[in-house]
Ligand code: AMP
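There is one chain below, alone, in structure tokens, taken in the form predicted on its own.
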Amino acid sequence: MEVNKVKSESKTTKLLKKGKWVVLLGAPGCGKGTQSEYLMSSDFKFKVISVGEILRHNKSTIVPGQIKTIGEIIGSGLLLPDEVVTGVVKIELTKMESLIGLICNQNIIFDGFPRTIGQAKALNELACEFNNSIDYVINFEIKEDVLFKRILGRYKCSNCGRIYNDYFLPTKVSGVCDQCGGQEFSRRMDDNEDSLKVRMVEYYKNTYPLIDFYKKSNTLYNVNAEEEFGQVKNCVFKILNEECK
């Protein structure tokens, strides 16, 4: 599998031992979360800031200046205000640094963030604040019909968290988790057709422009997310090992 490399310049100003700060970009259901989970356990030992997971854990919180909760806005498929999401990321970075020390030397993945140009600019500022920069933006390209099946068909084991899909990766035994034998499963609150249609409109309106934004900064790499998981994983590894210069 070849990497569609958009970078036009090699990086020549990297600091010694500077950690790799990576943005995973792409439409809902393109596989960002799956790849980030693997990278956590790889030799890169990435720390992952999954903004979506953080927000879902705080779904009952009222959004400042509104009467709706975080969960209600996410469930409808709409995006939260930039300042709310950026604030969450800064809190998470600060918390991480207080626990493990200087995070400029850590490999970090930003999953589900940024989703707007405003958030991307804020992330650049945050990276500078923590003495790093965003040098890798991996854009997962995938057709819309495949996305719909991935999203509407996905579910996970409530016990161990393993992810399955009705269309592509069902359990070997119906209703029984392959990994732990659990028999209770759950689906995300925004994984429904009405919400998905709104999310895709939001994606094309607010997030898709990030492709050009990062292309201009020479940090964008495109990969074909419709390939088998292992092939996509190998493609990501080539990028992070800088084999695509």
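Predicted, not measured: the structure shown is a model, and the values here were computed from it. Start at 1 and count along the sequence shown; that's the residue number.
One more form of this protein should be noted, the form predicted together with adenosine monophosphate, which is absent from this view; the next part is about it.
Asker: Find the only residue in V146, A122, L79, I103 having a heavy atom within 4.5 Å of adenosine monophosphate in the model of the complex.
Answerer: None of the others qualify; the residue that does is L79.
Asker: Since exactly one of I134, V85, I138, L93 fits, which has a heavy atom within 4.5 Å of adenosine monophosphate in the model of the complex?
Answerer: Only one listed residue qualifies here, and that residue is V85.
Asker: With the partner removed from view, which of 216 to 224, 39 to 47, 60 to 68, 184 to 192 is the stretch that lies within 4.5 Å of adenosine monophosphate in the model of the complex, judged by heavy atom distances?
Answerer: Within 4.5 Å of the partner lies stretch 184 to 192.
Asker: Please run the contact check for K156 against adenosine monophosphate in the model of the complex: heavy atoms, 4.5 angstroms, yes or no?
Answerer: Residue-level check for K156: no, no contact with adenosine monophosphate.
Asker: Do R115 and adenosine monophosphate come within 4.5 Å of each other in the model of the complex, heavy atoms counted?
Answerer: Yes, R115 sits close enough to adenosine monophosphate in the model of the complex that at least one of its heavy atoms falls within 4.5 Å.
Asker: With the cut-off set at 4.5 Å between non-hydrogen atoms, does L55 touch adenosine monophosphate in the model of the complex?
Answerer: It does: once adenosine monophosphate is placed as it appears in the model of the complex, L55 has a heavy atom within 4.5 Å of it.
Asker: Considering only heavy atoms, tell me if L196 and adenosine monophosphate come within 4.5 Å of each other in the model of the complex.
Answerer: No, no contact at 4.5 Å.
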